[in-house]
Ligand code: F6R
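The data below hold one chain only, encoded as structure tokens and taken in the form predicted on its own.
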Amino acid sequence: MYIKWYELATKAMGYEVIGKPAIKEFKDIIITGMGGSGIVGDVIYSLLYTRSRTPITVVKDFRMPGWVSKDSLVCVISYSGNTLETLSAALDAMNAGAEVCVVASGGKLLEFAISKGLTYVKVDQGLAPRAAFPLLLIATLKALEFYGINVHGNLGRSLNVLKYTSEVDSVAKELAFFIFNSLPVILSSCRLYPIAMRFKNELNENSKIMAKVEVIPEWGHNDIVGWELPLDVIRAVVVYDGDPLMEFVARFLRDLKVPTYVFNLEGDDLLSKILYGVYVAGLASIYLAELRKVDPVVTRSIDRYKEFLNSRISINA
């Protein structure tokens, strides 16, 4: 499915937003979701960070912040539509009087949206949530645009980086071989944080390995010292888009003899760079799963966690 991301993204451009938008200005925007759905909020937060005059918050929890009100727009994302944390957050937002819009492929969340007359976008079913990233991102961008929030002006052009090529395949394989038999640490700037976090998540779920994320410039006030005596198992992946500060990071790590891979991003704007980084990371995690001889689809530990939640929490949406 990763190889088909461009095809999926093109299809998602035709998604319809169902509902009637509130004719008002919102004092704040909240995007909530977990795992493969939650990363969408991180991407949109990064895209709007310096452009939006409306505060934006990403929530990955059962509850909404205490300040959520009737003047809040809450975008709720769950690919399955049955994520307990997200269902709980949606109910919390409704009880606070917020304007709630939903992105899901089905499940209780979509049923809830239809029954309550909420704005929603239904995405295609049948994928692992993490493989549905382009569908969820584009659907959420469409939902926000429905409310007059234009996150990105030329989405179609940015999607071109999702085309599968021999160059993309080569970079993904290089990364997989570089990370093999190590504990990878992915380092990025704040604006590219979604790539680093998504890469970590893909390595966790698909490749079945632990990974760590460090974010610059905060890295320079704490994490940097931890590299003075690095463990032999550590390998660094530096997410790079021409930022001189990231050049310093790569040089610093190499001076310490830390095996370091500089992950050069393609793309003409921030969204295309994020899409490219996330795409290559996904492919790399699959190649690493093959090297490790593990099934990238099965996530038994997540299933165990969800079974525990279902045994303790009941949500009547």
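Quick note: we count residues from 1 along the sequence shown, nothing fancier. Keep in mind that what you see is a predicted model, and the values were worked out from it rather than measured.
In what follows, reference is made to the form predicted in complex with the named molecule, a form of this protein that is not presented.
Visitor: Just one of E214, E205, D92, D241 has a heavy atom within 4.5 Å of the named molecule in the model of the complex. Which one?
Guide: The residue in contact is E205.
Visitor: Under a 4.5 angstroms heavy atom criterion, identify the one residue in T119, S189, S80, S72 near the named molecule in the model of the complex.
Guide: Spelling it out, the residue with a heavy atom inside the cut-off is S80.
Visitor: Counting only non-hydrogen atoms and a 4.5 angstroms cut-off, does K306 reach the named molecule in the model of the complex?
Guide: Because a heavy atom of K306 falls inside 4.5 Å of the named molecule in the model of the complex, the answer is yes.
Visitor: Please determine whether P129 contacts the named molecule in the model of the complex, using a 4.5 Å cut-off between heavy atoms.
Guide: Yes - in the model of the complex, heavy atoms of P129 and the named molecule come within 4.5 Å of each other.
Visitor: Taking the named molecule as it sits in the model of the complex, is I302 in contact with it (heavy atom to heavy atom, 4.5 Å or less)?
Guide: Taking the distances in the model of the complex, the answer for I302 is yes, it comes within 4.5 Å of the named molecule.
Visitor: Whether G36 contacts the named molecule in the model of the complex should be assessed with a 4.5 Å heavy atom distance threshold; does it?
Guide: Contact with the named molecule, yes.
Visitor: If contact means any heavy atom within 4.5 Å, which of 271-279, 53-61, 27-35, 257-265 contacts the named molecule in the model of the complex?
Guide: The contacting stretch is 27-35.
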